[in-house]
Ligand SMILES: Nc1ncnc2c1ncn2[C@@H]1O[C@H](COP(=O)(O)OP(=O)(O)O[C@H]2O[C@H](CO)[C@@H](O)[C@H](O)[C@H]2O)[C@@H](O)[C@H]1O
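Shown next as structure tokens: one chain only, the form predicted alone.
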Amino acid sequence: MRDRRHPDKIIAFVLAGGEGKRLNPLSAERCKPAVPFGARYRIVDFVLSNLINSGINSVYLLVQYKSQELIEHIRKAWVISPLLPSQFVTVVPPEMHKETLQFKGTADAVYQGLRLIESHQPDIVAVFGADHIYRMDINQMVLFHREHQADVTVAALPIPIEQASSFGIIGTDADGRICEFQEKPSAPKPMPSDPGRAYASMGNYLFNTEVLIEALREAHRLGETDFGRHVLPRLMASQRLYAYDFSTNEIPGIKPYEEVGYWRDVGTIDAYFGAHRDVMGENPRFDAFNPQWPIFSSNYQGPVARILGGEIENSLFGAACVIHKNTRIHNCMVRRETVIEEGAELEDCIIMDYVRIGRNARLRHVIIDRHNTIEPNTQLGYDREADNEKYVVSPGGIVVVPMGKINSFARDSRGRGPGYAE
């Protein structure tokens, strides 16, 4: 590692253009990184928070698919310091060159930002995905990168060998040097230190700048577009590629009851729903409260939730909610400015922003996207056949109500005033 007086200069490219088809209908009107998560976050907030907490403050967010909601979130929530030119989170769309109107893959997305890399002249370029729920101190990965004199370092998650056929798998030697890439293999290569587990690629990379620039130019010449499929396997023959074991990453403030090395790909409705269960309860697997490694997000300035009565168990509430008397709310995530009217019963539900649940409605195993009104006496989650006729129902039985009209607000008191920023 360099002397503290001369630290590595690092810029980051966050790949946030994912369509997230398996998350439909939550991703029908927005890209996957913009999908709300928990009581106040968006999925993209986790990678951005990891970068900022790690002192990496020059961040380019590469967007593509239905990106406006994500762009608005970044504009409102992620202004770092306009006085310091090296501290920013800024959105970068495709360059719209004549030969392409979009990013063709992960490598092509960064290739289109080559001028940004050259203008900053960093020592290291971090290329990270925007689709996962986790905490990570990237400085520890940088230290590993330097100690091993790596040209490229890939973050690797140890997973049970029986699950490995669903992931991109990295084969390494005992020192962690990468010797093989396998895409969803039928016979995955186990970790040298643990035959019961394999290294899955997390899609997070550190590159020495000169190596990245040369590799991207060569990939463009060859028509290669993806890091995992094209660029990294080719570099393996000529450069030093290492796998960084994410399970060794230590985060300050983690409680004893939390899952070590927590990382979730919330790419399906059932995985997304399951990750919400992980942030709830007396001893959550992933505790959102950690002042030593905070998750940054919206600067929403509305008041706290107002709970007038009811039977409430193991539930989280966002700002400016109103929960009326005689309600029953068990194991639910309720986001900001939601109104739950008298007599409503909710069990195992995710209720997003600006939703009104009518009197005596009964919801079980339901996700309600933003700006919806659920009429009084509605029942969802009790008759799968009836639910399937109107809504998407996941293989795990989760009913998903898609986004409603964006000018519909549960608390109908918005006039011509400025309102509360998101």
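Just so we're clear, the structure is a prediction, and the values are computed from it rather than from any experiment. Sequential numbering from 1, following the sequence displayed. Each form is matched to the other, and the largest set of C-alpha atoms that superpose within 1.5 Å is called the rigid core.
What comes next is about the form predicted together with this ligand, which is not displayed.
S.K.: Want to guess which of 240 to 248, 325 to 333, 197 to 205, 116 to 124 is within 4.5 Å of this ligand in the predicted bound form, heavy atoms only?
M.R.: Single hit among the candidates: 197 to 205.
S.K.: When this ligand is placed as it is in the predicted bound form, are 268, 270 and 363 each within 4.5 Å of it, taking any non-hydrogen atom of the residue?
M.R.: So, no: the whole triplet misses this ligand.
S.K.: In the predicted bound form, is there a heavy atom of this ligand that lies within 4.5 Å of any heavy atom of residue 106, even though the partner is absent here?
M.R.: Contact check for residue 106: yes, within 4.5 Å of this ligand in the predicted bound form.
S.K.: Does this ligand come within 4.5 Å of any heavy atom of residue 132 in the predicted bound form?
M.R.: Residue 132: yes, in contact with this ligand in the predicted bound form.
S.K.: Any chance residue 228 has a heavy atom within 4.5 Å of this ligand in the predicted bound form?
M.R.: Close contact exists here: in the predicted bound form, residue 228 approaches this ligand to within 4.5 Å, heavy atoms only.
S.K.: Residue 255: heavy atom within 4.5 Å of this ligand in the predicted bound form?
M.R.: Although this ligand is absent here, residue 255 would stay clear of it in the predicted bound form, with no heavy atoms inside 4.5 Å.
S.K.: Which of 54, 27, 64, 394 has a heavy atom within 4.5 Å of this ligand in the predicted bound form?
M.R.: It is 64.
S.K.: Have a look at 398, 401, 10, 15 for me and say which one sits with a heavy atom within 4.5 Å of this ligand in the predicted bound form.
M.R.: Flagged contact: 15.
S.K.: Within 4.5 Å of this ligand in the predicted bound form, counting any non-hydrogen atom, which residues from 236 to 268 show up?
M.R.: Result: 263 alone.
S.K.: Comparing between this form and the one not shown on the rigid core, is the C-alpha shift at residue 75 2 Å or larger?
M.R.: No.
S.K.: Quick check on residue 250: with the core superposed, does its CA move 2 angstroms or more between this form and the one not shown?
M.R.: Residue 250 C-alpha, core-superposed: shift of less than 2 Å.
S.K.: Using a rigid core alignment, state whether the CA of residue 185 is displaced by 2 Å or more between this form and the one not shown.
M.R.: It does, since the residue 185 C-alpha is displaced 2 Å or more between this form and the one not shown after the core fit.
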